[in-house]
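Below you'll find only one chain, the form predicted on its own, shown as structure tokens.
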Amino acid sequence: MNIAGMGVVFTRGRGAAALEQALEQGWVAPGTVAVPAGSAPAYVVAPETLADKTVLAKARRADRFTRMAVLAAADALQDSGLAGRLDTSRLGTIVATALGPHTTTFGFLDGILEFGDAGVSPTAFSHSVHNAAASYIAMTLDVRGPTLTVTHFHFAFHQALLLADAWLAEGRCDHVLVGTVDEVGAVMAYASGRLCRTPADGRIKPLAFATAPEAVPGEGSVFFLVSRGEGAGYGRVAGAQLTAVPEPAPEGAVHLLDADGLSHDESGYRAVAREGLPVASYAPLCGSLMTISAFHAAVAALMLRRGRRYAVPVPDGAGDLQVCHESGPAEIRHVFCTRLDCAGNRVTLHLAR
């Protein structure tokens, strides 16, 4: 699948340019989110990032979860240069999420407890379902092709890519908007503080491969416009095959590790990092989120487009691993992004020029 366009909404801003700027600048301290009995560190999206009234004209009632997804999807379409030229009846939409609009869902449940079944807001209910974001994307962008939401704790993005490839292969669509969205709410931040270790300095250390890793929750949305033919501005998902790195590894390859502190044990990434490729992880730029694989795919797409490597923002624990300490031009032809779930199951996404 060719990647024709990309949209990104995350804690450092909106768009591929904001992502590239964050990669060049490196790590910055997280913000905070309100939780019971105070506040907790989190990589949250700023309100002004979601203030585009033009794109969101049809999504005035949408929650933050949906607004992030709509903006990223709209940016992916605009970034491709194909906006206004596509047959929208042949354009599909796939939204992948791990936790869905949980802030709205918990708000709806609170409404039931406070006002009863008859008094709770029907708008809150309609926005509490996982498919709300996909519906808003279709309505806002006039998408008339198939629309679906995929949920999975660890591999939602990978499953969405496989489905997009299937739609293109069988001729169901000419193009597919495929991406992820997840958010930080008070409940999630509280749960993260109780179940995960929080770094005292606010820095996630993905290359420490700790048996008890540290996490700082993050949020955001990443979307790609993919097709079998038109446009390959950001390279391609190589055959849409989600497998281990081939042996021997191809020349000009980089390995991105999706370690972000949310697993109880990330020592399994150490073996992955020993496979002979330069390794990196950019979780400290966006925070810990279950759909971080899409964020790393966006970084990979930029590497392929720019022919540039980016310094690892937090190299703590890398030891003698081959990591990039300075950003600069590089001959990058392949980027592998590996994700391990809590049981050690592995999926590797391959992007190539």
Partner chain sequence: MPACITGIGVVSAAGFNRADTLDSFAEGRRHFGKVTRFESPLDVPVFEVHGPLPAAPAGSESRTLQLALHAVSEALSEAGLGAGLTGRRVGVCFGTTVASQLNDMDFYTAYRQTGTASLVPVERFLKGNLAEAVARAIGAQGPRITVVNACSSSADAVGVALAWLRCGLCDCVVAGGADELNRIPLCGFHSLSVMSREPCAPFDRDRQGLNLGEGAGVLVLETEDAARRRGAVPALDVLGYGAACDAHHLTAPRPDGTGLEQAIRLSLAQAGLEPAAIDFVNAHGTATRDNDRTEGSVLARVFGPSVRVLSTKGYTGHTLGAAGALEAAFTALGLRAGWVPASAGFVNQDPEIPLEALRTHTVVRGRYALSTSLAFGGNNAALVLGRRV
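Because the structure is predicted, anything quoted here is derived from the model rather than measured. Positions refer to the first chain, counted from 1.
In what follows, reference is made to the form predicted together with the partner chain, a form of this protein that is not presented.
Figure note: of the listed segments 275-283, 140-148, 71-79, 175-183, the one touching the partner chain in the predicted bound form, with heavy atoms no more than 4.5 Å away, is 140-148. The candidate spot formed by 89, 113 and 127 is fully in contact with the partner chain in the predicted bound form: every one of the three has a heavy atom within 4.5 Å.
Residue-level contacts in the predicted bound form: of 249, 238, 232, 109, one residue has a heavy atom within 4.5 Å of the partner chain, and it is 109. Checked against the partner chain in the predicted bound form, the candidates 187, 212, 83, 271 yield a single residue with a heavy atom inside 4.5 Å, and that residue is 187. Heavy atoms of residue 200 never reach within 4.5 Å of the partner chain in the predicted bound form, leaving it off the interface. The partner chain in the predicted bound form is not approached by residue 289, whose heavy atoms all lie more than 4.5 angstroms from it. Interface membership of residue 245, defined by any non-hydrogen atom within 4.5 Å of the partner chain in the predicted bound form, is ruled out. Using a 4.5 Å cutoff between non-hydrogen atoms, residue 263 does not count as a contact of the partner chain in the predicted bound form.
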